[in-house]
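Before any questions on binding or motion, here is one chain by itself as structure tokens, the form predicted on its own.
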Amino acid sequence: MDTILVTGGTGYIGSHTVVELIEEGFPVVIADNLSNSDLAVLDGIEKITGVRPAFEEIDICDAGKLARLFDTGREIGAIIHFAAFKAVGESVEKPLMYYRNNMVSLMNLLEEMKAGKSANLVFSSSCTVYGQPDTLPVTESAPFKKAASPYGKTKQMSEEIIADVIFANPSLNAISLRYFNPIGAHPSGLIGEVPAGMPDNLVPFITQTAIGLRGELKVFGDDYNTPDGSCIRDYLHVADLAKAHVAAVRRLLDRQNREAMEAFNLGTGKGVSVLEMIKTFEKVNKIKINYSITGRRPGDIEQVWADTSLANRELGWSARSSLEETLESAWKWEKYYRNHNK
């Protein structure tokens, strides 16, 4: 079976995808510089699957080291590219860091693909490419609006670069997966999200507040044009998201895709507000969260959720986990992680 190269494979979404790939029988090579993850993740993957994936500690922004990775004799059937900085707020504060890391890493990979090292790419994209869409739920045909953050701009530009390279090199193929909001953890509780420093995403902030690591959760704005005034997002279980990557890889390897470059929305198709998330977490896990309302955060959009019918039809994929199951898994992971990292 084809070997899959997973860049950023010890990260949050990457590690869950590695688990799904291994369980489907794919040999996996992880390339990661551990800038936002830890080698201990490999232990969790091994406990879940019984297999320890091959691991190369490299920064793929280093073109020479990346070239040497491809020259080890492995046949790479497909690349799944997760290795990017991803915090919206941080990208507003440090735009050059985001442009340099996210764009150079992608271009280095595409150079290797152009040189014949692999023909297939699954790109980790984001619903931020749509900005604040005019119509909800948003479909893949929605135009890219002005992104609300440098992070979002890197995803927009990345998709355009991939499309241009593939147009110029007809032997190459790519699928861009536009995630909405991944949350939760593997049902085993052995791997999950570990933000470096202050969390940028909602659910890790909820779980860290619940366990006492944070004194208070700040809700950024209650004056949006939504039913309860807080932002609305489409939250999906990370394990469901990981399965979509396996479906995308199979589509590329089986040459099922009708176009050289395709894009799919990945979400549940349902919007949930920040305040709804807090209340559901409290109810499911029987714990109170200390939170307060503060001002809006730069880079946030008001509301967005997905039309996932294209992924449902073409990838044979759909999000299956309930919000309650997802938030239970997030709390299970938080407790496991804190108990094993005292």
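In this text, residue numbers run from 1 along the sequence as written. Only a predicted model underlies this, so the values are computations on that prediction, with no experimental measurement involved.
FYI, the form predicted in complex with a small molecule isn't displayed, but the following is about it.
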{"query": "Triplet S124, N173 and E262 all within 4.5 Å of the small molecule in the predicted complex via a heavy atom", "finding": "no"}
{"query": "4.5 Å heavy atom contact, N181 to the small molecule in the predicted complex", "finding": "yes"}
{"query": "Contact of Y151 with the small molecule in the predicted complex (heavy atom, 4.5 Å)", "finding": "yes"}
{"query": "The small molecule contact in the predicted complex: S188, any heavy atom under 4.5 Å", "finding": "no"}
{"query": "Contact test in the predicted complex: R233 vs the small molecule, heavy atoms, 4.5 Å", "finding": "yes"}
{"query": "Candidate stretches 97 to 105, 218 to 226, 236 to 244, 138 to 146, one within 4.5 Å of the small molecule in the predicted complex by heavy atom", "finding": "218 to 226"}
{"query": "Of I60, L69, V28, I301, the one that lies within 4.5 Å of the small molecule in the predicted complex (heavy atoms)", "finding": "I301"}
{"query": "Contact residue in the predicted complex, from T268, T128, S158, N120 (heavy atom within 4.5 Å of the small molecule)", "finding": "T128"}
